[in-house]
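Below, in structure tokens: the form predicted on its own, a single chain.
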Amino acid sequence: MLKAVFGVVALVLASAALAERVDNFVLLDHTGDAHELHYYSDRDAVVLMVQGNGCPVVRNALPDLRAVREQFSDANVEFLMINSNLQDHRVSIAAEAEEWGIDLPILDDDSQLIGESLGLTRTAEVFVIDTDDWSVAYRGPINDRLSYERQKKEASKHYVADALNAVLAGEEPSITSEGAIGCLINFPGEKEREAHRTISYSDTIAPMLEDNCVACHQEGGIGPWAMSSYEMVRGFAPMIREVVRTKRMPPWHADPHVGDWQNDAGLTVEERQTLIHWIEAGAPRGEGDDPLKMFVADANIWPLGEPDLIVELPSYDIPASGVVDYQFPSVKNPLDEDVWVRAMTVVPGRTEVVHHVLVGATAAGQAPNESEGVFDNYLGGYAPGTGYTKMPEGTGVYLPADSHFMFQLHYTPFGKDVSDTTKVGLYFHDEPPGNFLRHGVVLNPTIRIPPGAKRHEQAAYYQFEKDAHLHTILPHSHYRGRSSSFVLRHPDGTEEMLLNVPNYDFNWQRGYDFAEPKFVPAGSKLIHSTVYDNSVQNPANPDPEKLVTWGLQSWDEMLYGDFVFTWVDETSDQPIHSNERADAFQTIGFLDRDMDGTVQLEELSDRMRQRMAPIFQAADHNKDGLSAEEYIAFRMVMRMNRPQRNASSGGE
């Protein structure tokens, strides 16, 4: 056993002293943006300064840091700051940055785990990191200008500048370390390293893993290996440390400082500290039983119990490699009566290949090929990270008899020929609920992401014409998605951040359910933004040289923000929702670049302007821009001679 954990113990001993290399990590900065250290591998060096609120040494050193940054402005160097203080937090760090004109990202080391691994003791210490091997080329003060309560007019030794010049020249600095001068940082974890060796695997670690990880990491689960015993966890302990430090696991990507969500699957700061400290202490077994060996997975594939109706989709053979086109099967609804759906579970036949499944239904008597898509009467979906869909209390989705289920399936081969037969379980209300559950999408099918762009942002909005309650929001993009957000702009112009996903991961398509429904007053705009990384620094990028546009396949892109809502004034016996109007507000939301509520011709691309010019001429009567109401009126005129859509589902 001692031999098995030697590597982890050695890693800890190295980090407890002066770190010679910097392991990868992801931290959020004071604005909520995510920074991964190894993302800056395209830089020649990274300069990382330890910041702390109220520290006079840090404040006094800021002009020197700015001078070094200016000196190397033409060099390929990244400048960052990190705050590991117990007493500081994002809001106070942001206030300090504003007051002192700090325009660098200040990484918030809220768990102190990164500061511990770097062996920090004081603020104002600066690290020069050589990105060739992530070694620490220099650590210490910027220069010799400052000392405690004293300062020279000018520095005579320029440690950081000299170290950078050496690294950029491919040489080792003549001075690799100097004693740090700054305010002491309190690291309780450093003082408790012996106590970390007594953290109970049986009573603390295994139950934590069972609560947060085992649902995926079990035999037959979507995790790549099963947490079936202490021995398995010990073997993967260094990997667990890495994925927690880089925020790859657990797969909960919402910014913890924004929003309050149901079923929050993220580890708390205390849980992260306990888990990492246990691993860095050598992953001791300790006394007691092994709860993971006693864990028995629920054999019932239906987490909500036996469904009222099980719908089996056609089987598909998935090749070991290559591209599988999206599948759009339909299945006749076997029910002979109208029902209200209260919950739904999708059970893939092979979780390894099923990337997502979307489920909807046609109107009564409508053939599948007459439907505009799965979203006309959307029921819900499946993607890795999602379990079942349970409608909010008092709501449901109306499913008429004589309809067809519509599906969208996306398969991704994984190296083995398999056959998939996915099933959908539906659960019904005994009586009609109080209200319809509605689904909407903020999208922009006109996106164009330039080749090589590291941070290309696109946005769109949906304007609510009536009072509503938001229940769920879900950001979606593909391999180039870097971060996403939802902002609610109120009618008075004030804005409220609803969700920030600073480290988006295409592998996990999770919806975020509000702990309490979010009231949206009429006239509000739900703005969805996504930042894309089309550069070589994005390891998932299929082709950094491609101009990326909208498309279903993963090598294309989407700006797609799903939201689930109810109209305040709608009831199940008095529907007010109109698909026709919703489509118009959705369209205006991606054409209106400046988001002022109307679309001007000059806001459109040349190609779009040619297509839309006749509509503007016919619909924009007062010539002040095309509004949603004008667009709706135009479409109504165009459809006057067409058959009306069946409104039995509560839509027009």
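In this text, residue numbers run from 1 along the sequence as written. What you see is a predicted model; the values in this text were computed from it and never measured.
Below: the form predicted together with a small molecule, not depicted.
K.L.:
Which one of these stretches, 161 to 169, 217 to 225, 400 to 408, 117 to 125, sits within 4.5 Å of the small molecule in the predicted bound form when only heavy atoms are counted?
P.N.:
Heavy-atom contact with the partner occurs in 217 to 225.
K.L.:
Is every one of 212, 251 and 508 in contact with the small molecule in the predicted bound form, taking contact as a heavy atom within 4.5 Å?
P.N.:
Looking in the predicted bound form, the three residues 212, 251 and 508 all sit within 4.5 Å of the small molecule (heavy atoms).
K.L.:
Would you mind picking the one in 240, 258, 181, 199 that has a heavy atom within 4.5 Å of the small molecule in the predicted bound form?
P.N.:
Partner contact (heavy atom, 4.5 Å) among the options: 240.
K.L.:
Given that the small molecule is left out here, which of 267, 292, 548, 359 has a heavy atom within 4.5 Å of it in the predicted bound form?
P.N.:
Contact check passes for 267.
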